[in-house]
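First, one chain by itself in structure tokens, the form predicted on its own.
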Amino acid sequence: MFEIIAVDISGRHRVDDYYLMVCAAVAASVTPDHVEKVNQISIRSFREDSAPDVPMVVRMIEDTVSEIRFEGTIVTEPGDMYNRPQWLIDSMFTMDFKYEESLSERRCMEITHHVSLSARNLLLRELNIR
């Protein structure tokens, strides 16, 4: 078993005159093909005037993950980092980083995607933003 923190950001498109993004981090204990236990979830919203770039995405992820009291490697989909090489993205993080590879990492990414999308949709509804 190993520990990962799967991260996903929803809302990378302009709403009104700004970007309203939600970053979700799911800390989990996994085996190569199963998510054994979800240990903790952190959700943060970010409002930016400009489109996110890689340094901004790294900052949002590190801010969200800092609220989790759990050691693990940060895992994302390559598209979340604009398909930049893993070695480049890894050098920008203070924690270990990797792209999803195993079945369990992909399953954990699915959970994380549902959390970030649902939280963003709830936020948009509560703020009455269409």
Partner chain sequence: MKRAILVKRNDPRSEDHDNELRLRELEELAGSAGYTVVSELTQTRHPDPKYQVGSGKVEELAQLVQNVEADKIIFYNQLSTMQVYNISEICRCEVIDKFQLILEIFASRATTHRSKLQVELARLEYELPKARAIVSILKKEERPGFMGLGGYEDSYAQDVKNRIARIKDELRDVDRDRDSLRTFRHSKGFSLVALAGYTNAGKSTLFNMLVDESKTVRNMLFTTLVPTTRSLTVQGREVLLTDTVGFIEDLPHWMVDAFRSTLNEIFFADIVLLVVDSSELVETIHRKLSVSHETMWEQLQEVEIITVFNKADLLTEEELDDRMLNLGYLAPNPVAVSAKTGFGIDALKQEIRRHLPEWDRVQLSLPLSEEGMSTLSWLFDEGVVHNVDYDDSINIDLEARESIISKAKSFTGKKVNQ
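Numbering follows the first chain given and starts at 1. Not measured: the values here are computed from a predicted model.
What comes next is about the form predicted in complex with the partner chain, which is not displayed.
- For the candidate set 84, 59, 47, 37, a heavy atom within 4.5 Å of the partner chain in the predicted complex is found for exactly one residue, namely 84.
- Within this chain, residue 103 lines the site of the partner chain in the predicted complex, having a heavy atom no more than 4.5 Å away.
- Not displayed here, the partner chain is approached by residue 32 to within 4.5 Å at the level of heavy atoms in the predicted complex.
- Within this chain, residue 107 lines the site of the partner chain in the predicted complex, having a heavy atom no more than 4.5 Å away.
- With the partner omitted here, the stretch from 50-58, 64-72, 95-103, 37-45 that lies within 4.5 Å of the partner chain by heavy atoms in the predicted complex is 95-103.
- Contacts to the partner chain in the predicted complex (heavy atom within 4.5 Å) from stretch 1-20: 2 only.
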